[in-house]
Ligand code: URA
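Below you will find one chain, with nothing else, as structure tokens; this is the form predicted alone, and questions on how it binds or moves follow later.
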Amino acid sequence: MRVDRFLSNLPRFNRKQVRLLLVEKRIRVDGKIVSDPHAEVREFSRIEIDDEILQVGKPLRHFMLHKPAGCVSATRDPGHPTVLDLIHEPDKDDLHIAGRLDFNTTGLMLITNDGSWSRRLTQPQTKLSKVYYVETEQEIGPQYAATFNQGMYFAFEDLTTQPAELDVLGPNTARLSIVEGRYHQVKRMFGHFDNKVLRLHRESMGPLTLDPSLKPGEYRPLRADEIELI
């Protein structure tokens, strides 16, 4: 919700008073002075006027998880363990996943209650790269990199993928960087060459890289400097 709308919905302020409060820089959202009426406030935001609290809000939380194989990227699932089952935090029902991974794909997963932060991370226009380590059934030929870089046509969605960068590490291993997250995208890209992906591991999302100290199933809070990277 816009901050001016939030304030106007309070019975004590009319629109003229709201505009004046913002111009006089008397409103703080999550500790920062706000003067733009279009600034976004959330249910988790702490909103203050001078020294008076209008909405207590909840602390924003950001976690990095090393997702193991055999785990569903969902908050609930009747038949399989989910990534939220691995999170042992209070009020974890407030959390959501920023960038899902397939059932048997491993690696970096980000979990938060900060909707604005996760949208910046995942929305297509930001074009944040996602880097994967890939192992395949057959050898990765020299034609793969050029084809991936040109973009690939997916008939089911009637779209062409954004250019992707492929760094071949060995006969059957590579590191792939993409800026999208289409359904089974990496597997479908290699499937173009009838080459089955045997292992897929996400190493990074944009500037955030999986902490090498985290074992599969382990997680930690993001540091303030990591949160500010997005």
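In case it trips you up, residue 1 is the first one in the sequence shown, and so on. Treat the numbers as computed from the prediction; the structure is a model and nothing was measured.
This next part talks about the form predicted together with the ligand, which is not shown.
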| query | finding |
| --- | --- |
| Of Lys187, Arg61, Arg42, Arg175, the one that lies within 4.5 Å of the ligand in the model of the complex (heavy atoms) | Lys187 |
| Selected contact from Asp102, Asp85, Glu135, Asp77, since only one has a non-hydrogen atom within 4.5 angstroms of the ligand in the model of the complex | Asp102 |
| In the model of the complex, Met205 touching the ligand (heavy atom, 4.5 Å) | no |
| Exercise: Leu200 in contact with the ligand in the model of the complex, heavy atom 4.5 Å | yes |
| Partner-proximal stretch of 27 to 35, 159 to 167, 49 to 57, 178 to 186 relative to the ligand in the model of the complex, 4.5 angstroms, heavy atom | 178 to 186 |
